[in-house]
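For reference, the chain that follows is the form predicted on its own, supplied as structure tokens.
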């Protein structure tokens, strides 16, 4: 005989919702302050003030400030990878999908969530060993996502690279180019600019490179 399923009480559900709300409020406050003030210039007390809790409450959810940064990186990385993957898949893993994924990086990630981009591309750089390890793993996952997209693209249009390194090299290059452009025009360059105009040029540059390689590979005799 199966034991009856005991449903949590309304008060227990409310406490869980409150706990999740505080957790997310603290994380959102940390992201905002890390992006605006910088990681080293932000204190746990300031994060508590912005999220309307005490510093002690912040510590009850996160071990320390580095734990907050790591959590923000993991969350941003997951959202970034899902966003790009959805954009590519929505166009049936085609060349248009590759273009859409690039534009989505600038439009849906950098412009709509600038604090997340700043954390990944500025505040996570040069921090502790655990943060640097997390950052390296994230960038490697991004490159692997793009590599797999390029391989799927090649299967869809009926050609194969001479070696798996071709897709890997292009993927690493694309991640590097897009990250550098985000750093330059969102973080370093004080002049007013339209990021999407810049994005169009960056995406056209990378798509042109991929198209050229595809054309060259397809033109080679068997």
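Numbering follows the first chain given and starts at 1. Nothing here was measured: the structure is a model prediction, and the numbers come from that model.
The next section is about a form of this same protein that is not shown, the form predicted together with a further copy of the same chain.
Q: When the contact criterion is heavy atoms within 4.5 Å, does residue 201 count as touching a further copy of the same chain in the predicted bound form?
A: Because a heavy atom of residue 201 falls inside 4.5 Å of a further copy of the same chain in the predicted bound form, the answer is yes.
Q: Residue 112 versus a further copy of the same chain, in the predicted bound form: is there a non-hydrogen atom within 4.5 Å?
A: Outside the cut-off, so no.
Q: I'd like to know if residue 59 sits close to a further copy of the same chain in the predicted bound form, meaning any non-hydrogen atom pair within 4.5 angstroms.
A: Contact with a further copy of the same chain, no.
Q: Would residue 45 count as touching a further copy of the same chain in the predicted bound form under a 4.5 Å heavy atom rule?
A: Residue 45 lies outside the contact set for a further copy of the same chain.
Q: If contact means a heavy atom within 4.5 Å, which one of 151-159, 50-58, 23-31, 193-201 is the stretch that engages a further copy of the same chain in the predicted bound form?
A: Of the options given, it is 193-201.
Q: At 4.5 Å by heavy atoms, is each residue in 69, 80 and 104 next to a further copy of the same chain in the predicted bound form?
A: Checked in the predicted bound form: no contact with a further copy of the same chain for any of the three.
Q: For the stretch 147-181, I need every residue with any heavy atom inside 4.5 Å of a further copy of the same chain in the predicted bound form, listed N to C.
A: 165, 168, 169, 170, 172, 173, 174, 175, 176, 177, 180, 181 sit within 4.5 Å of the partner.
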